[in-house]
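As a starting point, one isolated chain is supplied in structure tokens, in the form predicted on its own.
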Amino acid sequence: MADQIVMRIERRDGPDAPARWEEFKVPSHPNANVISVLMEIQRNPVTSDGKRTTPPAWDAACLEEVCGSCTMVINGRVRQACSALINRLEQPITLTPMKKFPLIRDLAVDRGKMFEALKRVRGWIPIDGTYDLGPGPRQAPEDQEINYVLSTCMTCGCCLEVCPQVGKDTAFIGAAAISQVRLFNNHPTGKMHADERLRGLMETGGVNDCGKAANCAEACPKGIPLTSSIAEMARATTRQAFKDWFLRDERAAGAGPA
């Protein structure tokens, strides 16, 4: 391992500020990750050419690849900074923010649209009341196996960052929200509101806007089968469309003259 770590960071002081590159050199430490190097730079924000600058901004929380907040583009690949070990990265290490999300500052972006997408598809299990509802319905082992993998989504944004259908001028909600519909519709209690979630996916920007590039599954740090979720939800929304069509016909027939 080299005695020094060389890191180049794309800096912006705000969403509309011009971009600039700053290079830093910090002492190398065993088992260092990108976050630990950023913290070292934060303590002493001096560039390689000796100029003092502002500490770089980024997001981080759990530092164990669970929260998804430290997602950034490292050496051209979108991933979590906490699990990116320095001794496995080619130097100089380049850090840039994700480009499919509104920039806040430096490496920090606003992932709010992912949470708005979860609101749209009702990505939760509604519970009526605060009393103990008991253990709930039993789940088949096959469903438990699928649901566990789907539940590891940390809303990190990697799947949206690599998706060619996601952009400023598109409405596509992305693979994460679609996969969460599969998760909650596969839950024995969540099935009660499955129709509402599927109708959320049938709106503009829903599952039919997927271009089938399959970049999302490759980029997902948790290995979630996102393309399988998209295919499954595409079939489910088709069935829901037919179901809604027949229900409309039945209501229209019932509302006709006696």
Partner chain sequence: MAERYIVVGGGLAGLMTVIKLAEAGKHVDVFSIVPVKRSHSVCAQGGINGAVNTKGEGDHPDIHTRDTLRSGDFLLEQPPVKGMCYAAPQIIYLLDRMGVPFNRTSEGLLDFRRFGGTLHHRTAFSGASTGQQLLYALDEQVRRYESEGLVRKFEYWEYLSFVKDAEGACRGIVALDLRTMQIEAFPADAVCLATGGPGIVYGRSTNSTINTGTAASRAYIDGAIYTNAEFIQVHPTAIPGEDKHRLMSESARGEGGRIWVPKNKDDKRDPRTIPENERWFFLEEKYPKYRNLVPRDVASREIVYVVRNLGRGVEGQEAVYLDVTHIPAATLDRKLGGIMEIYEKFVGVDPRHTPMKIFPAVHYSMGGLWVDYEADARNDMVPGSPRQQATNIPGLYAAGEVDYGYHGANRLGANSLLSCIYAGMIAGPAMISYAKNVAPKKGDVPKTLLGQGKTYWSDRFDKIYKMDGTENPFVIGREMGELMQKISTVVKFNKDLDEGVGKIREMKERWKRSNVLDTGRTLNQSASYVNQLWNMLELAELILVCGRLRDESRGSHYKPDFALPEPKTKDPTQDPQWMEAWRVRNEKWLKLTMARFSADGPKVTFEPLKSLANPILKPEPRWYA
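Residue numbers count along the first chain shown, from 1. Worth saying up front: this structure is predicted, and the values here are computed from it rather than measured.
One more form of this protein should be noted, the form predicted in complex with its partner chain, which is absent from this view; the next part is about it.
Answer yes if any heavy atom of residue 96 is within 4.5 Å of a heavy atom of its partner chain in the predicted bound form; otherwise answer no.
-> Heavy-atom contact with its partner chain at 4.5 Å: absent for residue 96.
Does any heavy atom of residue 168 come within 4.5 Å of a heavy atom of its partner chain in the predicted bound form?
-> No, residue 168 stays farther than 4.5 Å from its partner chain in the predicted bound form.
Proximity of residue 13 to its partner chain in the predicted bound form, heavy atoms at 4.5 Å | Contact check for residue 13: yes, within 4.5 Å of its partner chain in the predicted bound form.
Can any non-hydrogen atom of residue 69 be found within 4.5 angstroms of its partner chain in the predicted bound form?
-> Answer yes; at least one heavy atom of residue 69 falls within 4.5 Å of its partner chain in the predicted bound form.
Hey, with its partner chain in the predicted bound form, do 8, 24 and 100 all fall inside the 4.5 Å heavy atom range?
-> Negative, none of the three is within 4.5 Å.
Can you tell me which bits of 78 to 114 touch its partner chain in the predicted bound form, meaning any heavy atom within 4.5 Å?
-> Counting only heavy atoms within 4.5 Å of its partner chain in the predicted bound form, the contacting residues of 78 to 114 are 82, 83, 85, 88, 104, 105, 108, 109, 110, 111.
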